[in-house]
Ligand SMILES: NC(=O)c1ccc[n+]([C@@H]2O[C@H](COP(=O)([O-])OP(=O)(O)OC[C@H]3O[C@@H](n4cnc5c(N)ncnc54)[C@H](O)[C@@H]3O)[C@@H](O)[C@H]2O)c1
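Below, in structure tokens: the form predicted alone, a single chain.
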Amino acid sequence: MTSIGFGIIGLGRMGAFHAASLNGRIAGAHLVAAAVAPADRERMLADGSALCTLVSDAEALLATPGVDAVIVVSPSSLHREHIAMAARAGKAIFSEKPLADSVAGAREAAEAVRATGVPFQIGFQRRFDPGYARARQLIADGAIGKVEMFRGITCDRIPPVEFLRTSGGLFWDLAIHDFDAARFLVGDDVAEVCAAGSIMVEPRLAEFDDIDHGIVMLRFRNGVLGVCQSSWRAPYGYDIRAEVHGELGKVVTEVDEQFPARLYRDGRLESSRHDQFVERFSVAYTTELQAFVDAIHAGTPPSPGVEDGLKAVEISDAATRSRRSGGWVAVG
């Protein structure tokens, strides 16, 4: 089997994780080069932290010999540009969410992928988490009968305000994972949403009309109802869960303990929780990238694909507009 050469645009937290995976944990692929900002390039070369050849920008990366596929881990505002560039260059593309920082930009990115026909996968890693994957299989097998209701929760530590100024907002940056999980588990598209939000953590979010707590009601095309709860507050540790109710029962997948052991003593239960999403989803991040590589080798469309990425953006946008208008908003 020929090994696929990868280039990475961005070597931040997730970029570095994917780089490490390509340097030993992913079969059938290897890391060739990464595009980083000049200051970061100088620092990495000086302290020996560079994991591969470093180039100055995405254009140089796409022209680097041996780069067959690209991982887009640049800021969200640059995703559309980098996806379109890579598609035109004929490279297979794995991109972290979202497709772009606007619906129009996401549609442009999707069209670039469709027009060129390059393999594309969006980084919704929850689909590859053992708990979420098992829940989906149970639902598909009819274990809870006809699906009737969905509930998703994500609570995380708030990022720096300067990051949030360009992240797109709570529904674009955090809740988007629950929106995709809702589609994945329910097995249907969201028709309309109704959202509300509050600022409970960071008052400066009001400067750019963002929130740190949000609730989004979902109405699926098949009539199923759902709710997504998002918060930039998690003092007890990273917290996610999904719950799907059906006519015969329900299936729940919750955040796992950091260690598979609990201490029962003096009338108390003690366990350790995951603190950051990278450690919580380390297996899922590796599994999703391996699935992308396997799909390229097999000549099959990777999943979740560009249409899944576009639908998640459309839900995020509808939720943002609903929060501002105070009513139900159609998706799409």
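Note that residue numbering follows the sequence shown and begins at 1. These numbers come from a predicted model, not from an experiment.
The protein also exists as the form predicted in complex with the ligand; that form is not presented, and the subsequent description refers to it.
By the 4.5 Å heavy atom rule, the three marked residues Met14, Gly123 and Phe163 all count as contacting the ligand in the predicted bound form. Interface residue among Val36, Ile26, Ala69, Ala33, judged by heavy atoms within 4.5 Å of the ligand in the predicted bound form: Val36. For the candidate set Asp210, Asp101, Asp173, Asp129, a heavy atom within 4.5 Å of the ligand in the predicted bound form is found for exactly one residue, namely Asp173.
With the ligand left out of view, the stretch that reaches within 4.5 Å of it through heavy atoms in the predicted bound form is, among 78-86, 213-221, 180-188, 104-112, 78-86. At the 4.5 Å threshold, heavy atoms of Phe277 reach the ligand in the predicted bound form. Within 4.5 Å of any heavy atom of the ligand in the predicted bound form lies no heavy atom of Glu307. At least one heavy atom of Tyr285 is located within 4.5 Å of the ligand in the predicted bound form. Using a 4.5 Å cutoff between non-hydrogen atoms, Ala92 does not count as a contact of the ligand in the predicted bound form. Contacts of stretch 41-69 with the ligand in the predicted bound form, defined by any heavy atom lying within 4.5 Å, are made by none of its residues.
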